[in-house]
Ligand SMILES: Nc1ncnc2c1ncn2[C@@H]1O[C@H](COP(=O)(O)OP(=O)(O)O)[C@@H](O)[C@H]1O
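One chain comes next, on its own, written as structure tokens: the form predicted on its own.
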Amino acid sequence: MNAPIFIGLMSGTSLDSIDAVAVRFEPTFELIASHSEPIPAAIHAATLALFNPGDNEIERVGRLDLALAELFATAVENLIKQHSLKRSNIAAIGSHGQTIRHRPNAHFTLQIGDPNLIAERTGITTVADFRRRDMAAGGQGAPLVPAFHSALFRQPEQNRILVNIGGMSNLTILDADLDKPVLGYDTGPGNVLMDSWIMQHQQKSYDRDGQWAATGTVIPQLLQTMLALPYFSETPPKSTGREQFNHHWIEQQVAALETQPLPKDVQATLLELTARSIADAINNHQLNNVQVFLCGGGSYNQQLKARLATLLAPNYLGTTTDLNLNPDWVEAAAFAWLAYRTLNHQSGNEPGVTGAAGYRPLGAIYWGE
């Protein structure tokens, strides 16, 4: 008899699509199927509008909560249909939801996409709201993926670091000494600032391969001012989001320059900011002979990868494809794993990462048919 299937859903800071995967965890990890569900322009715009404070927020959150849930359910149905999955073999859906606020210093985080509606539409048990239990235990509620990284990728023979470059960037330190705790935190921006800047100036959703950034020149003063942000020097546990790294922040930094720069030079500087903040964090750990593996959308940015390779030399730099998991699906698989852990009455967080008082089961269960 086949082991149960778990579905993972992830809609990240970049809002490029909803990632859906079907996986098994027994006897070993297996990626069975994957699907990317486009986010309609109206939902994309409504979500972006909620990232910053505004008018009539409660009404807008309520409506978007339902609209996103319908879209998440559609992603599941399309995944099942396209890959002829047997519904009775699916144990649960792990739905991250869409973060619209993450304020760990105020001890709250909010992800929307009503899991009641997902369970009702699909008939499949849905596990959601993973972050708040960790926060209730004194943690940051993020990042949560390092626990999955450890379960899937940690090896006693090799120091490894996993770097997820989505809207934000976060890293996971997997020491070859298995007695040492898993470490991880958000290093700062990933794609979010570059995406925002190119959208304003070229009406493109992202800078493919960093091609536009490659035509510009890094502005030293702007880079140093940005890197002076206290967040970068704070000690973990720490997590961040669009509340700190957003288009308004870019404009503030650019406006402070004595002369207004060329947009392409700002783009080059934003790419360098992402590369430097990731590399500085990794190098600060002073691990010898470390292998670094990228995942997330930023792992496809060739200019960013080239800068990271230079800044991290002589350490090996690759992607999770080297570890037999496509970079696109790592986070969605992580939330399938968190649902698997919850249904098996097991913890899902890493206290050494989030700062929680201890290991906790994460998420609430919304039963299917």
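A residue's number is simply how far along the shown sequence it sits, counting from 1. What you see is a predicted model; the values in this text were computed from it and never measured.
Although not depicted, the form predicted together with this ligand is the subject of the following passage.
Only one of Pro115, Gly188, Gly298, Gly184 lies close to this ligand in the predicted bound form, with a heavy atom inside 4.5 Å, and it is Gly298.
Three-residue candidate spot Gly166, Arg208 and Glu331; every residue lies within 4.5 angstroms of this ligand in the predicted bound form by at least one non-hydrogen atom.
In the predicted bound form, this ligand sits within 4.5 Å of a heavy atom belonging to Asp195. The closest heavy atom approach of Pro351 to this ligand in the predicted bound form falls outside 4.5 Å. Residue contact with this ligand in the predicted bound form: Gly355 places no heavy atom within 4.5 Å of it. Looking at 218 to 226, 261 to 269, 173 to 181, 199 to 207, the stretch with residues near this ligand in the predicted bound form, meaning non-hydrogen atoms within 4.5 angstroms, turns out to be 199 to 207. Counting a residue when any of its non-hydrogen atoms is within 4.5 Å of this ligand in the predicted bound form, the hits in 2 to 39 run Gly12, Thr13, Ser14, Leu15, Asp16, Asp19.
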